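This document opens with one chain alone, in structure tokens, the form predicted alone.
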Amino acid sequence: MSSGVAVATSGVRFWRQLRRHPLALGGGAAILFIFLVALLAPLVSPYDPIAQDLDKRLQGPSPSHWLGTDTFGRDVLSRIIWGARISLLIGVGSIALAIVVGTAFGAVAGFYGKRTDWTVMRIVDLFLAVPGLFVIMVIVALVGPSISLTVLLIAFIFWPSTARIIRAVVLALRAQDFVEAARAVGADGPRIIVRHILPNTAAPVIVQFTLQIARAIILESGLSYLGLGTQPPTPSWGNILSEAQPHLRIAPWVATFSGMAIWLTTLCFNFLGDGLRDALDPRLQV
């Protein structure tokens, strides 16, 4: 069977398996919609997200402001749309960085084994033992909050778990016949890792990437809620919640809609991740 036919067959099996998970398909469609709305925020946002109109502060949902206004008279829908940009940027960016770092460490540890494996895994254990939120609070207090710093700090928290997963996968792969064949023709370690090992770790990497984005979005929202992430007036779902807290009794819609944005987005990522995990499992590719 040619490689092209094999890829096509695998694609058909993947799609057949994924179709058994309607929640995953629905979650993927919803995520695509959220990304498009965030990307097209300047076009679809009805108002400037930071423009204040104190005469319309804390107004409930209406035809002119579908999700109401906040304490400064800013349109809640517009702020949620623009906040999606920040939350998705930080969530995707931080997990992408964590995946790259974790995959590199895990592949090296799993492939070379022995002392290399022991050394790398002790580094991973050291990072896992560090209380992530405490470290973030200290660093932000010393350096000051910023989007780029938030991305780095969230990646700092998530890369060790990726390294452990990839190490386990590589430990199983390095004993396979195709790796022995590559060694037999003179391929060195780095070439085998890049050309033969890493392509076969795509499935767990994709699943890990999808599931961890949901956790990263929640963490970013929590940091922004505590004042350690995105700073006002730049909207993010977390700081919208924080600003809404003093007015929960008289204007519950602000917290409700921003909280729903976080909840629905993370739920859809989890649905998609669960579906991809089953669809990419070779034991189910029948």
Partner chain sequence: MAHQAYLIRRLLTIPPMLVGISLVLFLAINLAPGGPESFFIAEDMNTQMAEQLRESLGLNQPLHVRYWRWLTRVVVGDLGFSLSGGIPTTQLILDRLGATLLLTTTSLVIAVVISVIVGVISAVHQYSTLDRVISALAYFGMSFPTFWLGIMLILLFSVTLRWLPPSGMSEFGKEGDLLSRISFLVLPVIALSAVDIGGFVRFVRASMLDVLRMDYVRTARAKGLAEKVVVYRHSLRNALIPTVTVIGMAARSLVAGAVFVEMIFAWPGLGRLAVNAVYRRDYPVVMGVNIVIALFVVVTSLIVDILYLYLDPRIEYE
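Numbering follows the first chain given and starts at 1. Owing to the predicted nature of the structure, the values given are computational and were not obtained by experimental measurement.
Absent from the display: the form predicted in complex with its partner chain. The rest refers to it.
- Contact annotation: Phe72 falls outside 4.5 Å of its partner chain in the predicted complex, judged by heavy atom distances.
- Within this chain, Val12 is remote from the site of its partner chain in the predicted complex, having no heavy atom within 4.5 Å.
- Its partner chain is not shown here, and in the predicted complex it never comes within 4.5 Å of any heavy atom of Val205.
- Among heavy atoms of Tyr47, none comes within 4.5 Å of its partner chain in the predicted complex.
- Only one of Ala29, Ala51, Met260, Leu40 lies close to its partner chain in the predicted complex, with a heavy atom inside 4.5 Å, and it is Met260.
- Proximity to its partner chain in the predicted complex, taken as a non-hydrogen atom within 4.5 angstroms, holds for one residue of Val135, Val100, Val194, Leu171, which is Val135.
- Partner proximity in the predicted complex, defined as non-hydrogen atoms within 4.5 angstroms of its partner chain, places exactly one of 180 to 188, 88 to 96, 103 to 111, 127 to 135 at the interface: 127 to 135.
- Within 4.5 Å of its partner chain in the predicted complex, a heavy atom is found for all three of Val143, Gly222 and Leu241.
- Contacts with its partner chain in the predicted complex, taken as any heavy atom within 4.5 Å, map within 228 to 263 to Leu228, Leu241, Gln245, Leu248, Arg249, Pro252, Ala255, Thr256, Gly259, Met260, Ile262, Trp263.
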